[in-house]
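The data below hold one chain only, encoded as structure tokens and taken in the form predicted on its own.
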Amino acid sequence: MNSVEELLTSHGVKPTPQRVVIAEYVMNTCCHPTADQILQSVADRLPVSLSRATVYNTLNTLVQSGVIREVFTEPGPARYDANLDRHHHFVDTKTGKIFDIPWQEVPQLPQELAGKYKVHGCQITFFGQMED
């Protein structure tokens, strides 16, 4: 059994060929792809045709089981990220590329929020352009 199959099994996900191919793709890319981008990238890796519904259902299963996470950086389709470490995102508005920002590089929320809100988590998304 390969490592992706073992990962899926350890999270309670049956490693079907479609799930393995989709999980492998998301885990081996850092571009935070959409479901449609994933479909286009992996469709030719399977001997049978892959439907959009299968991709969406597989991504939902992978998110619910904790294998990957769903990321929303702006209005539009969800994107998928295999980096489960706490981190933020930077969206390059010129290219549309999304980059991970290490958690420790962004100051924590002010203590004033702790008294007013019960924060369960946060993710900050920065928008701008990468400097050359």
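Note that residue numbering begins at 1 and tracks the sequence as displayed. These numbers were taken from a predicted model, which means no experiment stands behind them.
One more form of this protein exists, namely the form predicted together with the DNA; it is left out here, but the text below deals with it.
Inset, instruction - Would you check, heavy atoms only and a 4.5 Å threshold, whether residue 83 touches the DNA in the predicted bound form? - result: The answer is no: residue 83 has no heavy atom within 4.5 Å of the DNA.
Inset, instruction - Consider residue 49 of the chain shown here, and say whether it contacts the DNA in the predicted bound form, taking contact as heavy atoms within 4.5 Å. - result: Yes - in the predicted bound form, heavy atoms of residue 49 and the DNA come within 4.5 Å of each other.
Legend entry - Contact of residue 60 with the DNA in the predicted bound form (heavy atom, 4.5 Å): Within the cut-off, so yes.
Legend entry - Touches the DNA in the predicted bound form: residue 37 (any heavy atom, 4.5 Å): Residue 37: no contact with the DNA in the predicted bound form.
Inset, instruction - Determine which one of 83-91, 25-33, 41-49, 97-105 lies within 4.5 Å of the DNA in the predicted bound form, judging by heavy atom distances; exactly one does. - result: After filtering at 4.5 Å, what remains is 41-49.
Legend entry - Partner contacts for 3-30, taking the DNA in the predicted bound form and a 4.5 Å heavy atom cut-off: In sequence order, 14, 16, 18, 19 come within 4.5 Å of the partner.
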